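Below sits a lone chain in structure tokens, taken as the form predicted alone.
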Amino acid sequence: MRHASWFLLLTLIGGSALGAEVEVISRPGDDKSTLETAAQVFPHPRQLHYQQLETIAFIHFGMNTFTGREWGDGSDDPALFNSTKLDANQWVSVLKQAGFKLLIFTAKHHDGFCLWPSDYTDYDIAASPWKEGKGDLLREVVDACNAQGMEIGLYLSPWDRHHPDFGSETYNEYYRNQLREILTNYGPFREVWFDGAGRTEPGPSGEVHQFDDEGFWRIIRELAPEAVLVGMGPDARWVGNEDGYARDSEWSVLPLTRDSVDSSLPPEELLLRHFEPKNRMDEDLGSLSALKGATALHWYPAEADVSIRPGWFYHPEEDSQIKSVAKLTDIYFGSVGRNAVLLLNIPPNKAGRITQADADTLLAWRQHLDEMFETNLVKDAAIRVGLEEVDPMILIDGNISTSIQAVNTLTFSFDTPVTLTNLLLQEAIEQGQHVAEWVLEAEAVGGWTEVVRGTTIGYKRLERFDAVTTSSLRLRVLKSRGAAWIGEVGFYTN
């Protein structure tokens, strides 16, 4: 259904309307051309699905669980790996109850010990006493996810401190073979996670390893086409810290920094061959200043990773250092609420289970979020864009594809005063990310007063503020890269 007027445009967009994931700038350095191009960069369907997951779970479990290390050196005896009550179904059950929709499993960490029986190494789970060497933990995790409706992601560390040929092309072939082995025999995978570890460390030969990233990506595109390549991959980026917080202004449209690109290539080939993003740790990645001089732009959203404990692997001395519900909520607002996906690590203990304390905290956190966002006050509002009235359901149906083009102020009027402390905003990112500055105002005696203002919105923006009571609110988009499409608005009290 589509309704159009001078003041109001509503649209419902299907997947076929999604555009390319790379756009070439026709006139580099021209501000108007750059911003017009940035407004026409859209997420690929797999990226859109990924951003809508919001929270993803990371499971770090392996040799380090038994040695007490964070980074093993690859010399540990496989006999150390022997979990007594390991239950992958318990992991998935806890995570699903806590609202996670995807689990990323560390099939191999930097120590090189593989948690499946690999045809390409003897340093794997078959050499351990667990299940008398007949176990396959990757299979158990994948089967548990598939049985319970949880999507599965793969972490296969590119850095391998055990392999004698790390630092050479021989190792790249080993890694390509293991990717093919896993992606052919397990899955389906919806994410493959690459980190930057090992990219400056020399291998046994003394040479710094040159990873065949393009070759790795091509294998994944072939065997797991629905998987997003995250971290050092071209579909989503590491946010730049391990604290779980995104930037206050987090753009999803970023420049590719090569001096020139072959614009005749299809978008996917262009991306694979020319992918070279800006420094992921820069504070400004997507403003006009950051885009200037780029020859191509790419939809490249952020993933913010953090562990529920100080370490990524389980250590019993950290049992008293589990992040609180209040801290996890703050991280949620600072990641998902800043246009990023939250990747939260929950490490199982030596027995092979998520501890009860971790599980209780996760479930209490989920309950807190559910209660916080249970009642959207927008449902009782009379909404206008300019002089046009709008059905509130458009903005509270949980579907960002049904959206309002904010060419004028959005005004929300209530029959009786309402009190709010939280704000939710979402753009219809199928049509790109456009909003650069906005403000929410409340009507009070003497006129309108500012409640909160911000910069980017993107997939989701969340704000908390001191309680405001009013009968009328208005949302104004102050700066935008072309027309801004608002998919969801939420006013909440907690």
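Fair warning: this is a prediction, and the values are worked out from it, not measured in the lab. We number the residues from 1 along the sequence you see.
FYI, the form predicted in complex with a small molecule isn't displayed, but the following is about it.
The small molecule isn't shown here, but in the predicted complex, which of 57-65, 460-468, 433-441, 42-50 has heavy atoms within 4.5 Å of it?
Correct option: 57-65.
Closest heavy atom of D73 to the small molecule in the predicted complex, within 4.5 Å or not?
No.
Can you tell me whether H110 touches the small molecule? I mean in the predicted complex, with a 4.5 angstroms heavy atom cut-off.
Yes, H110 lies within 4.5 Å of the small molecule in the predicted complex.
Please run the contact check for D195 against the small molecule in the predicted complex: heavy atoms, 4.5 angstroms, yes or no?
Judged by the heavy-atom cut-off of 4.5 Å, D195 is in contact with the small molecule in the predicted complex.
Taking the shortest heavy atom distance, is E389 within 4.5 Å of the small molecule in the predicted complex?
Output for E389 is no: heavy atoms all beyond 4.5 Å of the small molecule.
Can you pick out, from W312, F275, F216, W130, the residue that has a heavy atom within 4.5 Å of the small molecule in the predicted complex?
If I apply the 4.5 Å criterion carefully, the residue I get is W312.
Of these, D235, D160, E250, D305, which has a heavy atom no more than 4.5 Å from the small molecule in the predicted complex?
By the 4.5 Å heavy-atom cutoff, the listed residue in contact is D305.
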